[in-house]
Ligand SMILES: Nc1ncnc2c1ncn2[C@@H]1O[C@H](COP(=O)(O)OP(=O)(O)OP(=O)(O)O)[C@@H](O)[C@H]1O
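Next up is one chain by itself, shown in structure tokens, the form predicted alone.
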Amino acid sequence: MYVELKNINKNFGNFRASDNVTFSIEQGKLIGLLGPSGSGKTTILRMIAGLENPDSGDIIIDGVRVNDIPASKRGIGFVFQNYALFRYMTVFDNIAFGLEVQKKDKAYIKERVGELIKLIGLEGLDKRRPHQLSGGQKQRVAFARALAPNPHLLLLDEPFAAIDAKVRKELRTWLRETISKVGITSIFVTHDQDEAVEVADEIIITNKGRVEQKGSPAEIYKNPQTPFAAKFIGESLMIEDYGRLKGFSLDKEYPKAVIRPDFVSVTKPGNEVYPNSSATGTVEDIFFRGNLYELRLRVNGVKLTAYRSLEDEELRAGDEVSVLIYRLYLYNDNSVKLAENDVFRNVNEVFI
């Protein structure tokens, strides 16, 4: 493993920012540290960078314990949330800054900065200053500056937080493609699930200073391993009376459930694929989300959310509908398990 954290603990006064954090990262991977505010993800990033020191535990990079190595000698590039560009320097000079600190010769600096300006797609803008750039362009310059000294590891602290939504989406694709092209091991912090899913090879979910789960975006979405992961990932709705839903029985060991909109199928009465396992519900509200409709439903007293394609037959608030729930995640204080609708386990059911 290229990066390893072993039993890392960090307190700020009475606040436990890192609680026995342990994980490892393979070389060349792009990792997303995902969690809510205060979950400890930025503290982890700063300790890897050497900007904070752990109270206990080991940080190992490429086989070397780096706890006592200064940040400037760890071979790490850092991209800050607010860009941290030098206002009075040009694009060229901002990118060249780290190379000049390393006392590289002018010919090398010119060649290296030229390569990076081409990499980030800002040819012809090398003489501009930060105030003459868009937010997306500033972030690209910050990225190039971090890459200029040829670091072994790249860290990014919420790199898209200061950018508007449309540009942020474009930069996600650009960042993934660029890091893949460069081949550098990278870790980025985010609280945005969509961002983590679109960009990261693997996601590490943090909560209250602990690592909840680590895996690919698909693995974490399909197989949450802890109650927090099940509730945090996706558009999750927590319900306690899931035994009232058709096709499910209450499990006393797992008194609560998580249901996601994509677990719910809504049709008009008479169009059911599995009529014996579909329940009657009422549409309480409908929201247009651009590429789909979001439905708020009530089924046997339980409130649910579902998605519906724009191509499907139009529904209105107050309509009666047939609702099939495919699966739930059941959970207690310590564990999670998947529960499938009885229709998918009962091979003897006859459909008419």
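These numbers were taken from a predicted model, which means no experiment stands behind them. In case it trips you up, residue 1 is the first one in the sequence shown, and so on.
Unshown form predicted in complex with the named molecule; subsequent notes refer to it.
- If you check the named molecule in the model of the complex, you find no heavy atom from any of G243, F263 and S278 within 4.5 Å.
- In the model of the complex, at least one heavy atom of G40 sits within 4.5 Å of a heavy atom of the named molecule.
- Contact check for H191: a heavy atom falls within 4.5 Å of the named molecule in the model of the complex.
- In the model of the complex, E158 approaches the named molecule with a heavy atom inside 4.5 Å.
- In the model of the complex, G28 stays away from the named molecule, with no heavy atom inside 4.5 Å.
- Note that among 42-50, 320-328, 284-292, 63-71, the stretch whose heavy atoms approach the named molecule to within 4.5 Å in the model of the complex is 42-50.
- Shown without its partner, the chain has F12, F15, A17 in segment 1-33 as residues with a non-hydrogen atom within 4.5 angstroms of the named molecule in the model of the complex.
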